[in-house]
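As C-alpha cells, one chain now follows by itself in the form predicted on its own.
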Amino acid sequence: MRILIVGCGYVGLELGRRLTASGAEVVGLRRQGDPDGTMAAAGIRAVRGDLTRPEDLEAIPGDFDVVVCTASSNRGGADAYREVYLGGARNLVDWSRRRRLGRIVSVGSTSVYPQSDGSWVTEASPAEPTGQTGQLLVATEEVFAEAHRSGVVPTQVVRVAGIYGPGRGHLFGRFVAGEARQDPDGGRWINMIHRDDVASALEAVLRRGQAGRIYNAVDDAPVRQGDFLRFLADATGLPLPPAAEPRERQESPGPAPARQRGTSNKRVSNRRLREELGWMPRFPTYREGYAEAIAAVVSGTWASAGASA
C-alpha cells in the first residue's frame, strides 16, 4: 500500500510507524517538514507542505491507496478551524479529482456530540453541536461525506476522543502543575484514548473499515472527572484539586474544541470499532494508559510536551 498522512504529527507519526513496519510505503506531509528526523527514523518519506495551500498538495508526487488526514488546528479558534479543517477538507477533495486515491480517512472529534445528560452515544447519535468550532467540524465531515456520496472518492471519518500519551494529556498536565479544578459536582463524564490506540484504530479503519462509515475511537472506560482526579491524587500522592467556582469549567483532556468538551457530558461507545473491525485497545482504560506517566511523576522525571494534539 502507498499511504499519505496529512499532518504527520503526534498521531500521524505513530500511525506511520505502524504502517511502515507492516511494509507500507508512507509519505508524511507536515508544514515544517522533518527538521528533527523523526519521520525519516520511522521510515516515512517527509514532504514539506501545508494542507491549506492547494499548490502544496499538487506538488506531492504520485497516487495513493489511502490518504489519512490527521491535520490539527493547534487548538486555535473558529478561524483556524475554518481554514485547517473545513478548507483543508475542500482542498483534499478537490485534489482527489486529479489523482487516483483509494480512499480518504479523516480524523474528527467526539466533541461533535453535544449530549449533556451523561447518556451513552454511538455513531448514530445526533451530532448537533451548538458551538461554532463544533459546527465547523460537522461541516468538515459533510464535505467528506458528500465526496463519498457523489462518487468523487470513498471516505471515512474517525471521531476521536481526548488524546493522551507520551508527554501529552491536558487535564493530567494541569493536575501535575497544580492548576486543575474539580467540576462543582465532579459528575461530568470524560472520554479518553491513548495515542497508540488512536493509531491502531486508524489502521483498522483504513485496512478493514467500510467506506462511507463513521467510527468512534475511544477507550473502554469513560470516567467521571472527579473520579479521574481522585485516581491521579491517589496514584501520585499529589493533592486532590479544589472544586471549581460555580461558573468555572474544567477543560477535559483531548483535542479541541476544549470549550465544547467542557460543557458536554456523555459516554462515547467504541462498540462499532470493536465488533465490525475486531479492534481492541492496548490501553483499555486510563489506568493502564497513564501508568507510565504516573511513574514518571512519582520519580520526578515527567515533563509535558504541551496540550493534547
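One rule holds for the numbers: they count along the sequence shown, beginning at 1. Note that the structure is a prediction, hence the values are computed from the model and not measured.
Although not depicted, the form predicted together with a small molecule is the subject of the following passage.
**Q** Has each of 25, 64 and 157 got a heavy atom lying within 4.5 angstroms of the small molecule in the predicted bound form?
**A** No.
**Q** Can any non-hydrogen atom of residue 29 be found within 4.5 angstroms of the small molecule in the predicted bound form?
**A** The answer is yes: residue 29 has a heavy atom within 4.5 Å of the small molecule.
**Q** Quick one: is residue 168 in contact with the small molecule in the predicted bound form, heavy atoms, 4.5 Å cut-off?
**A** Yes.
**Q** Is there a non-hydrogen atom of residue 4 within 4.5 angstroms of a non-hydrogen atom of the small molecule in the predicted bound form?
**A** Residue 4 lies outside the contact set for the small molecule.
**Q** Although the partner isn't part of this model, could you tell me whether residue 199 comes within 4.5 Å of the small molecule in the predicted bound form, counting any heavy atom of the residue?
**A** So residue 199 does not count as contacting the small molecule.
**Q** Considering 222, 173, 129, 108, which brings a non-hydrogen atom within 4.5 Å of the small molecule in the predicted bound form?
**A** Comparing distances to the small molecule in the predicted bound form, the residue within 4.5 Å is 108.
**Q** Considering the small molecule in the predicted bound form, which of 205, 112, 104, 161 comes within 4.5 Å of it through any heavy atom?
**A** It is 161 that has a heavy atom within 4.5 Å of the partner.
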